[in-house]
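A lone chain, given as structure tokens: the form predicted alone.
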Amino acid sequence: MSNVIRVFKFGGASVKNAEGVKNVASIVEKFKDSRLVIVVSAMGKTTDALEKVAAAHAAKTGEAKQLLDGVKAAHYQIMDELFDQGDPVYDAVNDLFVAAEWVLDEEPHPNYDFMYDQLIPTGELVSSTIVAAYFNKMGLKTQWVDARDVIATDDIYREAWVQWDETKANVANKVRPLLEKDSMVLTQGFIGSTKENYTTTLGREGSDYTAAILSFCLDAEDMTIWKDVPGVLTADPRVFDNVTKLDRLSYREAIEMTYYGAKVIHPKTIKPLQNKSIPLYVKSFINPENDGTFIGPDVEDHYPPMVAIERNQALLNISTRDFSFVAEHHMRYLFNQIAEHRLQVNLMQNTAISFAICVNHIDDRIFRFAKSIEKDFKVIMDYEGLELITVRHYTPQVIEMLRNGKIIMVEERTKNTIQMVAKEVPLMKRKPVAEMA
């Protein structure tokens, strides 16, 4: 077996059903001579389903256990297509769902984010258990590893920050020895744990980041993200026609694109790879033989217009209650509160007496933020139907196309990037003369 370490990440779409799990196994089979670390996400839309479970539990609607039973049934159906009855995987998966049921047996925790992190990772734990069991059934020697024993984090739930020294030590002590025994390692994306052994999550869609953390700690030869698209595209093909695949992309451009909302890669993924010049490939699990997109150093920065649209945005206009300037000490205080509430600021703009920020609208974070500063600041919020449109390497024609039918609330423009906070409005039509009489 080669000493080369490769890290693969398979998202939820790749393992959404039994056929998907079989396809992933067929891809991995072709790389079995490498030392592989495989990171998997929850199956299909499991995370969305579990978020409904968490919301029902928090609201005490009485539906939480019924919703969880639906999630459980979907996974048992997949297992029935992959395994014989009585296979040990059934007991392993059942134990994971029992742990989730224990969360629902308790009163909702007053910290919703804490409760979320104890419940939602059930999806990754179950998915990885099923996939690892199937790999071993097919003769692919695989060791299942609990990511919570490896990825050490702080205790900021739902947006935990990695504790790098502890994580590097865990990888050296718990992952590398398994690879040296000629076993593939399969683990979960998205999750970690605190020093008190409470489960945390790294942010929505954070499995890419997990793979990058492991790549960094293992000095991997490369990392591959397997997607349902042929590579990194100039825009979302579900929204735009005539999008094109980018064959090569620089680390810098990838960071810019993901920061501004391109969904193909999690925003935190690139930095650990860039720090050690680890190449990243984005490839299709549907057509795994195709080249995909290469992301790395020393790539020419000549690109066509690239569009990212981030929905579920909130625009917050903040002003002092005494009509004073928004000065440096105000900004320091506001940014401390923004960090405290884990708001992701996508755009900011200030005038003499106001400060506007566009942030991702997640749960009730903007309301808690507004409450925390209400003594000294007035906050006007707009969060109905807002989206953030970002264009890298824009042209006038592309900007005009994107503006059509929208009100532009805020706009920022630099040499290479334009950002617009936009709200769609119905096109105005003149009434027939008869109706005006």
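Residues carry their position along the shown sequence, with the first being 1. What you see is a predicted model, and the numbers here were worked out from it, not measured in a lab.
Form predicted together with adenosine-5'-diphosphate: not shown, discussed below.
Contact check for Arg238: a non-hydrogen atom falls within 4.5 Å of adenosine-5'-diphosphate in the predicted complex.
Remark: Gly292 does not count among the residues lining adenosine-5'-diphosphate in the predicted complex, judged by a heavy atom distance of 4.5 Å or less. Taking non-hydrogen atoms only, Glu205 approaches adenosine-5'-diphosphate to within 4.5 angstroms in the predicted complex. The closest non-hydrogen atom of Val171 lies beyond 4.5 Å of adenosine-5'-diphosphate in the predicted complex. Segments offered: 256 to 264, 273 to 281, 128 to 136, 338 to 346. Contacting adenosine-5'-diphosphate in the predicted complex at heavy atom distances within 4.5 Å is 256 to 264. For the residues Ala18, Ala25, Ile418, Ala13, the 4.5 Å heavy atom test against adenosine-5'-diphosphate in the predicted complex is passed only by Ala13. This chain is displayed alone, yet in the predicted complex one of Val229, Met115, Leu82, Leu140 has a heavy atom within 4.5 Å of adenosine-5'-diphosphate; that residue is Val229. Of the residues in 130 to 169, none comes within 4.5 Å of adenosine-5'-diphosphate in the predicted complex through any heavy atom.
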